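Below you will find one chain, with nothing else, as structure tokens; this is the form predicted on its own, and questions on how it binds or moves follow later.
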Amino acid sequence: MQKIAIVTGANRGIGFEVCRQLAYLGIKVVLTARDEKKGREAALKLQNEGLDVLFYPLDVTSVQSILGLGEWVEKTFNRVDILINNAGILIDRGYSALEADIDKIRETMETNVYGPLQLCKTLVPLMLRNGFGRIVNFSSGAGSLSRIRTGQPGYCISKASVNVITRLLANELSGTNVYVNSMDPGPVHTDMNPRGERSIAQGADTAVWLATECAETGRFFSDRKNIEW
């Protein structure tokens, strides 16, 4: 049976490339984005490559939007096999922790942390019902306690929180066939990180591998290798 994957924040950058790579493997991909026009254009571009990609509008900061996605997925496919929590923002670059803008941290947490957690709450029951699931949470070296750096406190806090969610869910889902992992794509050249040195394809590779090949859970990966939390 063809697998169904949902990728958040996928109208551009790494999320878009994850959609492409998954679809090339024969997976039906639901490309989601908050901006409906840009999301539909992105899905059409992949469809024009002959890929099985659909668009669904999703605001990861809205519980109702996420619940709507869950209802649509259940009604349309009665399953979901892969969830890629890629959507994320970085809006507090250049601040120290003592200068942190708490409102910016709250906004960051809504997108980077609460959104992925709500998506897992909504979609994991479908995965458990069908006895299979792969969840990939996009984290960052900025969220690793062994490598944490100053200059973007909200982003660091949010990505460290993503790692905590990964471990919590992996522990709770132990013994099932639903695996949850975090990954650091590295310094990829994107709109969020224009000084990044890695290609978007490189940034997407580990996410696709975790979704389709990796047999571990509750781990933190970069370039398909375990890294320190």
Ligand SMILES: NC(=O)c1ccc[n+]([C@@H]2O[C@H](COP(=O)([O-])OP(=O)(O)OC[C@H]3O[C@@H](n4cnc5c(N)ncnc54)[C@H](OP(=O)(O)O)[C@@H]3O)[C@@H](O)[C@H]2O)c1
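Fair warning: this is a prediction, and the values are worked out from it, not measured in the lab. Heads up: residue numbers just count along the shown sequence, starting at 1.
The following text describes the form predicted in complex with the ligand, which does not appear among the structures shown.
- With the partner omitted here, the residue from Arg34, Lys28, Lys45, Arg167 that has a non-hydrogen atom within 4.5 angstroms of the ligand in the model of the complex is Arg34.
- Residue in contact with the ligand in the model of the complex (any heavy atom within 4.5 Å), chosen from Cys120, Val80, Ala87, Ile157: Ala87.
- When the ligand is considered in the model of the complex, Ile14 lines it closely, a heavy atom lying within 4.5 Å.
- Taking non-hydrogen atoms only, Thr111 approaches the ligand to within 4.5 angstroms in the model of the complex.
- The ligand is not shown here, and in the model of the complex it never comes within 4.5 Å of any heavy atom of Ser161.
- Though the partner is left out of this view, Val60 does reach within 4.5 Å of the ligand in the model of the complex, counting heavy atoms only.
- Per the 4.5 Å heavy atom criterion, the ligand in the model of the complex is contacted by stretch 133 to 141, the sole one of 120 to 128, 133 to 141, 69 to 77, 98 to 106.
- Residues of 164 to 194 that come within 4.5 Å of the ligand in the model of the complex, judged by any heavy atom, are Asp184, Pro185, Gly186, Pro187, Val188, Thr190, Asp191, Met192, Asn193 in sequence order.
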